[in-house]
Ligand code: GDD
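What follows is a single chain, given as structure tokens, in the form predicted on its own.
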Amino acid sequence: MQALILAGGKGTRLRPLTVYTPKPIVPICNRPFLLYQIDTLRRAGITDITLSLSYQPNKIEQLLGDGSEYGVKLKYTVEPQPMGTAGAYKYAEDLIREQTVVFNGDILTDLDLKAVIREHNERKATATIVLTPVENPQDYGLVETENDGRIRRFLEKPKADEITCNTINAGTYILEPKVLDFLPAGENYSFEYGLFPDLLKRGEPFYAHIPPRTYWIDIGTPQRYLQVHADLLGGRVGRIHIKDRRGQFDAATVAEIDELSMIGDDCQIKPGAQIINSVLGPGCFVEERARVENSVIWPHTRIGTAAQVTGAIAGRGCHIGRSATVGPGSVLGDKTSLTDYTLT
């Protein structure tokens, strides 16, 4: 069995963080995001993984290499132009002529993938789509199912009086090789609007898997990027446990670092500084009496004396001046410099 991760997005909703860092490798608790998806696949015994790339592919390949460091075998394919989700799958067909797990490259989940594969095989399905329930279905495309789990129909962003269920596409699919033969070559083509309606028309055995109590989040906005950190630090993601919260760093004895926070290697934390429910990347420098709370700080950022950073994200190599205040919702791109006493 093989896997394909669709990791070609530009990450426009996460900008400015993704100007220099492709979304698939933005740090989540100081690990490249893609490693969490690779972990999910490896737990299910899948080690033959292809990454479908488009935006800054060299940075991703240089970071992850052949995958041997992570116990998997990674291959890469780069779209010549945007191909759409199903188009990217078709473009990679020379590498994936087996039963394939397909992941959207912006979803973090603790899904039990073994259970999905087992159910797919028991049903002799051509395709299985994983669904997840949401609180506000109007923001999404809904997927209706029959009592036996077969897909009935897709409802794209329904009005309030059209809502019949609360289950949405969770961005994980199990596809048999014959599906590739249903796809046009060299075209921009979508799973959601092209392939999936076509499978229903063809009468193929097309099923949903709705896992119980599974964590699911799209990391593609700053708000949700912060949320996934809070959930991981708080131990709210079932099969993903943060073990090493402390790297090798220097901290003054009178600095305050709570037990939830994660501190990368080579950080320096000066007297009176406070780090609360936050992640500091490697090489950060936090000066006297600075306070970082509910925030994510990327590597080599300096936070000045008595500065306050709350509910914010700072990219690589930023400088936050003395007594500056970086408030909730603020997102600083790489190498941003805030002068002393700045208010954001």
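The numbering used is simple: start at 1 and walk along the sequence shown. It should be emphasised that the depicted structure is a prediction, and the values quoted were computed from it without experimental measurement.
There is another form of the same protein, the form predicted together with this ligand; it is not shown, and what comes next is about it.
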Original post:
With the partner left out of view, is residue 104 within 4.5 angstroms of this ligand in the predicted complex by any non-hydrogen atom?
Top reply: yes
Original post:
At the 4.5 Å heavy atom threshold, is residue 141 in contact with this ligand in the predicted complex?
Top reply: yes
Original post:
Quick one: is residue 83 in contact with this ligand in the predicted complex, heavy atoms, 4.5 Å cut-off?
Top reply: yes
**OP:** Determine whether any heavy atom of residue 169 comes within 4.5 Å of a heavy atom of this ligand in the predicted complex, and answer yes or no.
**Re:** yes
Original post:
Exactly one stretch in 51-59, 283-291, 66-74, 296-304 has heavy atoms within 4.5 Å of this ligand in the predicted complex; which is it?
Top reply: 51-59
Original post:
Using a 4.5 Å cut on heavy atoms, which of 267, 111, 175, 88 is close to this ligand in the predicted complex?
Top reply: 88
Original post:
Of these, 207, 154, 249, 215, which has a heavy atom no more than 4.5 Å from this ligand in the predicted complex?
Top reply: 154
Original post:
If you look in the predicted complex, which residues in 1-25 sit within 4.5 Å of this ligand (heavy atoms)?
Top reply: 6, 7, 8, 9, 13, 23
